[in-house]
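Here's a solo chain for you in structure tokens, the form predicted alone.
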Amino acid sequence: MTRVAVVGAGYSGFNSNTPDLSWKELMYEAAVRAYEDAGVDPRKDVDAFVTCAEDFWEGFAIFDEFVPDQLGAVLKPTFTVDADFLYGIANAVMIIKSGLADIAVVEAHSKASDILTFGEVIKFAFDPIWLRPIGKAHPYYFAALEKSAYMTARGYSDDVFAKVVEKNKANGRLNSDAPYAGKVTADDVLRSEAVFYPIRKLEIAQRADGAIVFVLAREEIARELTDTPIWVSGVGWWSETSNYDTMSFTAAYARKSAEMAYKMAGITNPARQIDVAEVDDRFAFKEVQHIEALKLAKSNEIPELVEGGYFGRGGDLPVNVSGGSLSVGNLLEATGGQKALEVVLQLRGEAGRRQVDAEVGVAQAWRYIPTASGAVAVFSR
């Protein structure tokens, strides 16, 4: 089987606000850096381009019409995946493995600072008859319901989620691209306002701007372009339901996506074979839920492991060494890109002060409220 590797990675932004850069300029900067990293000319060398975008976030339809100029993709096959960056990785892998392309580019971005009515935009994803008209409640209340259901099912206290915030905020202090990092203790979290009970303010990732571009290539070309290819060993994606009122609230999307990716990568014991993980933590409880779903630990063990630092930067299985979304910010459809970027940097040994020892890493992303959809990618040296 044809193997596919990441041969170039570039990013721009990761700031709470980027008034000096348009979304096109963010994309352009990330693309230029990715092409320089890979040593390729997009006009001559790249065969296919994938952009990951949600039209509601962008404010206009058919987003791929706005992509070619800044990616160097004019007159090249270009299309939009209406989903997270990790779905784009999966599509690029399939394009290359099918023989349709030797080199493919994946892009995702967030210009969340331009969105003035964030909650109202989210509501467009809800059922328009029964759920969207419910009062004037912010959609985060639905995340609060999910947290409550998860806590009840597992018997967890808020302490475990507060420790997640403390860990990720501390990790982010070693990341110059983490605008929301800081010295926050679990007690600070527990004392913070429960803005969407039982979710506290410090448990919610704030929005951020940024763009990520990856260059992927089939094995023969990857080995010509770089001495350190990072292999996309497995990809997986899954959706449970499009209706919030019929969801199981068990992160089945993450479990099923991981099973698919692990099977492709030959991972049979994730808790032992995965060295580093970047999982979706846009609400603190989601990190715990996703650790369980990815089979990185058993549910009854997680509180003790979190308390003991097992998932810390110096622990046995570091999770969200980048600081996660709680430090870097909610990058919308680029969230999985930030996760994948951190894993790639770690496997390359280019993560600087936050470097850990890793040969296999996993990145996971959820498509956010009100979906039960997600994707997983396994990377290896």
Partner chain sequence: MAVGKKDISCPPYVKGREIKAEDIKEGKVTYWEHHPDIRYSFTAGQAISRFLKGLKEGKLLATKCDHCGRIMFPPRMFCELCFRPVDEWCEVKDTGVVETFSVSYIDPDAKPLEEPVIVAVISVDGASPKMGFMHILGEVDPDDVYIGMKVKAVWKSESEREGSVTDIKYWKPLEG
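Being a predicted model, the structure only gives us computed values, none of them experimental. Numbering follows the first chain given and starts at 1.
Another form exists, predicted together with the partner chain; not displayed. Remarks below refer to it.
Contact with the partner chain in the predicted bound form, defined as any heavy atom within 4.5 Å, is confined among 284 to 292, 250 to 258, 299 to 307, 123 to 131 to 123 to 131.
Only one of 137, 153, 116, 100 comes within 4.5 Å of the partner chain in the predicted bound form through a heavy atom, and that residue is 116. Judged against the partner chain in the predicted bound form with a 4.5 angstroms heavy atom cut-off, the residues 188, 201 and 244 are out of contact without exception. Using a 4.5 Å cutoff between non-hydrogen atoms, residue 314 does not count as a contact of the partner chain in the predicted bound form. The partner chain in the predicted bound form is approached by residue 43, whose closest heavy atom lies within 4.5 angstroms of it.
When the partner chain is considered in the predicted bound form, residue 72 lines it closely, a heavy atom lying within 4.5 Å. Although the partner is absent here, residue 356 sits far enough away that none of its heavy atoms falls within 4.5 Å of the partner chain in the predicted bound form. Residues are counted as partner-facing when one of their heavy atoms sits within 4.5 Å of the partner chain in the predicted bound form; in 10 to 40 these are 18, 19, 20, 21, 22, 24, 25, 28, 31, 32, 35, in sequence order.
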